[in-house]
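Shown here is one chain on its own, the form predicted alone, set out as C-alpha cells.
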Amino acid sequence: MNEVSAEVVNPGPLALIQDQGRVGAQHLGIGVSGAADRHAAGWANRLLGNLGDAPVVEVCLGNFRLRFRESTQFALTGADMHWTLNGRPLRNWCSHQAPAGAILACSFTSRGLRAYLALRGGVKAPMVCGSCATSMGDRLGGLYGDGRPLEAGDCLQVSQRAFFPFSQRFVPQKFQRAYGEAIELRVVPSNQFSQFSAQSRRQFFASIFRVAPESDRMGVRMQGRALSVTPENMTSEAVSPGAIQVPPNGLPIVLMPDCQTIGGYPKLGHVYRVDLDRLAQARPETHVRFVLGDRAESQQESLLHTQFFSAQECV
C-alpha cells in the first residue's frame, strides 16, 4: 500500500508526527518525546478506532493546511483552531470524512496551544528506537525518521486501510477540555524534597506562578516570586517528563516530553503525568498553582489513562 492519503500544504509554525513516546531508551541518552497532550491525542485515535499508539499530527498554534489526495476519515481534538473543510466549519473533538481533493485548514487558536489530527489507520512513519515520535533535539522520528518537523509538500500515508462506511463520532462533553484558564498541578515530592528549606516548600505551594514565554516542548518555565532558599546544584542524575527542577534563580521549570535525560538542578517533585496534558496547553501568562499530591494516586490515574487509551483495536 503506497497510496498518499494527504499532502501538507502549509505546516504552520510547527507540526510534528507524534505517538505515545519513546520509552526504554533513556539510558542511551534518548528522550521520551511523544504527544505533549496525551489526553487529546488519545481521543483523536479513539474516535477513529485506531490503536492507542497510532501516530498523529500535533499542530502547534495553527495556520495548518492539508490537501486530501483520497477520501479519508480523520479526527480533530485539542485546542480549537477553527478548522474548516473546503471552507465549511468543522466541529472539534469529533471525527469527519473528507472527499478526495478537499482542503483541511485552520486559523490560529486563541485558547490552548496544540491540536491533534488523526487519520483513520494512523499516519505511516518509520519506527526509531520503538517509536515514531518526532524528537527535534535528538534528530529522531517523524515522517522520515530524521526528527524534522513537517514541511510543505510532505505526503502522509496511513498504516492500515478502512473499508467500511463512515460513522461520525464525538468525544463526550465531560471529556472535552477547555483551555485558557488557570491550572492546578498535583505534585509528588522528589527524593530531594527535604533538601529544600521548610520556608521554600511553603512558598512553592502558596505561590501562583505564570507560564513564561520561553517555554517549549523541553520544559515549561515559571515566572513569579523566586524561591528564597534553594539547594546548590547536585551531581547530574536521571530526569524525566514531569520533574520540577529549580535552577539557581529560584524559578521552577517543569520538564516536558522533549526534556533531556539527565540534569543537575535539584528537584522539588514530579507533576502527575496526567496533569502534564493540561500544562502542555498553557499559553504564556497562564496562572499555575502547585498542590501536594500522592504517589499512589498519581500512579493509579496514569494506569487508568493508559488502560483506557491502549484498549483500542482497529475496527
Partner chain sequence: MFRLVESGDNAITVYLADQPGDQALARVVSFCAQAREVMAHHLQDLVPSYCSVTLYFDVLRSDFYSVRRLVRGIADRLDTETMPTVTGDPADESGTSVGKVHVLPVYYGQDAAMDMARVAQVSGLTAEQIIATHSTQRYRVYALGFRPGFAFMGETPARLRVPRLEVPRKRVPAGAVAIAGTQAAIYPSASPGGWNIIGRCPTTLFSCPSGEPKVLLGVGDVVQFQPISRQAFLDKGGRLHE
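Note that the structure is a prediction, hence the values are computed from the model and not measured. Positions refer to the first chain, counted from 1.
What comes next is about the form predicted in complex with the partner chain, which does not appear here.
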- Query: Honest question, do Ile30, Gln260 and Arg273 all end up within 4.5 Å of the partner chain in the predicted bound form by heavy atom distance?
  - Reply: yes
- Query: Can you check whether Gln26 is within 4.5 Å of the partner chain in the predicted bound form, heavy atom basis?
  - Reply: yes
- Task: Consider Gln299 of the chain shown here, and say whether it contacts the partner chain in the predicted bound form, taking contact as heavy atoms within 4.5 Å.
- Result: yes
- Message: Residue-level contact is defined here as any heavy atom of the residue lying within 4.5 Å of the partner chain in the predicted bound form; does Ser190 satisfy this criterion?
- Response: yes
- Quick one: is Gly180 in contact with the partner chain in the predicted bound form, heavy atoms, 4.5 Å cut-off? no
- in the predicted bound form, which of 239-247, 111-119, 79-87, 221-229 comes within 4.5 Å of the partner chain (heavy atoms)? 239-247
- Message: Can you work out which of Ile208, Ala212, Met127, Ile103 has a heavy atom no more than 4.5 Å from the partner chain in the predicted bound form?
- Response: Met127
- Heavy atom within 4.5 Å of the partner chain in the predicted bound form: which of Ser167, Gln199, Gln173, Thr235 fits that? Just give me the one. Thr235
- Message: With the partner left out here, which residues of 135-159 have a non-hydrogen atom within 4.5 Å of the partner chain in the predicted bound form?
- Response: Gly137, Asp138, Arg139, Leu140
